[in-house]
Each structure stands twice: as structure tokens, then as C-alpha cells.
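Only one chain comes next, encoded as C-alpha cells, the form predicted on its own.
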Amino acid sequence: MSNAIEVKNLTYYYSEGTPNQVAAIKNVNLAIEKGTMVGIIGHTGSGKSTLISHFNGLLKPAEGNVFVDGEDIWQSKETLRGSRFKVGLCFQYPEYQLFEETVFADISFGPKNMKLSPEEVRERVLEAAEFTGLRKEMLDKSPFDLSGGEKRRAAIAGVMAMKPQTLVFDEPAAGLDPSGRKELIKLIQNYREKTGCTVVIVSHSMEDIARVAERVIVVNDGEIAADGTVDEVYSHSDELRKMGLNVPEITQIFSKLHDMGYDVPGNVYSVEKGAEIILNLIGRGCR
């Protein structure tokens, strides 16, 4: 399988060339395969948002290279521009980036910049709006008349309308209640299943990542501290705590129950899965 994104020997400095220079990313090597769902976790200030800002050229490396679909994005203006359509970035609280007079105009901003025909732009806007649950009558409204949840969906629809090969979400469920978090994560899952695109989710919520990720990358102090499946990474709970991360509370509970000899798995990462296991145990006990 080929790579959607690859970074080689990537280093980035803040305040470069000044006495306050600090390395936010340090000689990172990373490859993300096409079609995969990858989670990136790390504490605040670990460098994870800086890392993903290199994926489509929002930041330029001090050292190293970034490849999108096999091309070094900084080799020319054309490859740099193309990378920004191939890799769609949706930052934390994307609703704050809405600016057009109507929801339709906001969602169509990216596709218009791709020089698509008006018919293709309209088709993409309607498709993205439908996928994100925005009713057709909302498209003529000002985005500022929408609810908070609807604004976020409109902002995400604007990225989806460009049909990028890779979608990168930075804390997509930030500020949402538990129900809203589940709905948004499910929306992202459904989009990936429908389109087959590569999805990267950056989050401090290890439960959200455990729900969806096939692979988990841990960023700590600007470096890749761990990389593997959910089970492989989350099993190192002591090391994760030292990095300022905690495995989900439900995982800690089931791990202790497992260690105490109860017939439960130790690798439960969501409350829903935990409830299902408990109910099955109760059912077996009743019989």
C-alpha cells in the first residue's frame, strides 16, 4: 500500500534564529498509508498540531521533507498548491473560520478555488451538506444564524467539499457534550467508509481515538514516542501517564477487574463496550 503522507527527518523551530528558538518538531520520520484511519495523541504543547500543519504546507520545515502522494510538496508552487487540495485540514473550533454571507458560499469556497465549474461546485456543496446533516434550506442562511453544532458541520462540509485524499482533524469534538462527540466521530467514520479516504484525527481524548483508530501515534516533546495499534500503545499506561496522558477510566477499571481474576478483557476502551460486557456477565449469572 502506498503512502498518503510521509515526512522525513522533519524539524521545525519556533522563533527560529532568535535567542528564544525552540524545536517544536525534532527529526520526525513518519508515513501514513492511504486509506487508513490514524489517531495522533499528545498532551498540550507536545507538537502534534505543529506536525499536522506541515502535511499540506501551512508550515515549512526548517529541515527535512514532506511528501503527499509521493511528491515533495515544497519542490514547486504547483506541488504546494496541489497538496492543499489533496490534504484537507480542519482545525480545532473550525466554526470560527466561517466568513461568507451564506452557508452555501462558505462551503463552496474551497471548490471554487479549485477552478471547478459552477455545476461541479454546486454538486459538491449539496453532497457535503447532506453528508454532514445540513438541511438544504440552511444553505441560504448566514452561517452566523446557525447553532454551534450546525456551524461546525458547515465548516467541516467546506473541507469535505474539496474531496481531499486525506482529511486531517485537529480536536474535531472539542467543546462538544458526550452526545455531540459521539455524533461527530461517527460522522467522520461514515465519511471515511463511504469515500475510502485517509483520515487523521488529532485528539487528547484517548477514548475518542480508541473508538476509531486503526493506528495510534503518540507525540511527546516534538518526537514520536509510540506508534502502533490501540492495544499496543494503550497497554503502556505508565509510560503514557508520564507523558501527561491517561488511558480511559473504563480501561483502568476493566484492567483492574481482569487482574483481580474476573472473566473480563483488560483492553476495553469505551463505556459502551464495557456496559455490553457487564450485561453479558449478568446474563450468564442469571442463567
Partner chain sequence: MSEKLIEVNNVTYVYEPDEEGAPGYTALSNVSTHIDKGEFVAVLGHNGSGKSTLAKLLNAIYEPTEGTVSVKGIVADTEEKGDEVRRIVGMVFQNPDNQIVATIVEDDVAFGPENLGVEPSEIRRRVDEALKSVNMYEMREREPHRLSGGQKQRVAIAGVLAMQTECIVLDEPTAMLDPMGRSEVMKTVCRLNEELGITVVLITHFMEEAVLADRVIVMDNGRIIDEGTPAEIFSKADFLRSHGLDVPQSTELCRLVGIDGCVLSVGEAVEKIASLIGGAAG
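For the two forms, the rigid core is made up of the largest set of C-alpha atoms that agree within 1.5 Å on superposition. As the structure is a prediction and not an experimental result, all values here were calculated from the model. Numbering follows the first chain given and starts at 1.
Just so you know, the form predicted in complex with its partner chain exists too; it's not on screen, but the next bit is about it.
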**Prompt:** Check A174, A275 and I282: does every one of them have a heavy atom within 4.5 Å of its partner chain in the model of the complex?
**Reply:** yes
**Single option in F109, W74, Y93, F85 placed near its partner chain in the model of the complex, where near means a heavy atom within 4.5 Å** = Y93
**Request:** Work out which of I52, L257, A226, V230 lies within 4.5 Å of its partner chain in the model of the complex, going by heavy atoms.
**Result:** L257
**Asked** According to a 4.5 angstroms non-hydrogen atom cut-off, is V28 in contact with its partner chain in the model of the complex?
**Response** no
**Asked** I253: heavy atom within 4.5 Å of its partner chain in the model of the complex?
**Response** yes
**Asked** Does the 4.5 Å heavy atom contact test between D170 and its partner chain in the model of the complex come out positive?
**Response** no
**Request:** Tell me, yes or no, whether R81 is in contact with its partner chain in the model of the complex, where a contact means a heavy atom of each within 4.5 Å.
**Result:** no
**Asked** Just one of 101 to 109, 114 to 122, 161 to 169, 200 to 208 has heavy atoms within 4.5 Å of its partner chain in the model of the complex; which?
**Response** 200 to 208
**Message:** Need the contact residues for 235 to 272: heavy atom within 4.5 Å of its partner chain in the model of the complex, sequence order, or none if there are none.
**Reply:** R241, G244, L245, N246, P248, E249, I250, Q252, I253, F254, K256, L257, M260, Y262, V264, V271
**Large Cα shift (2 Å or above) at A23 between this form and the one not shown, core-fitted** = no
**Prompt:** On a core-based superposition, does S270 travel 2 Å or more at its Cα between this form and the one not shown?
**Reply:** yes
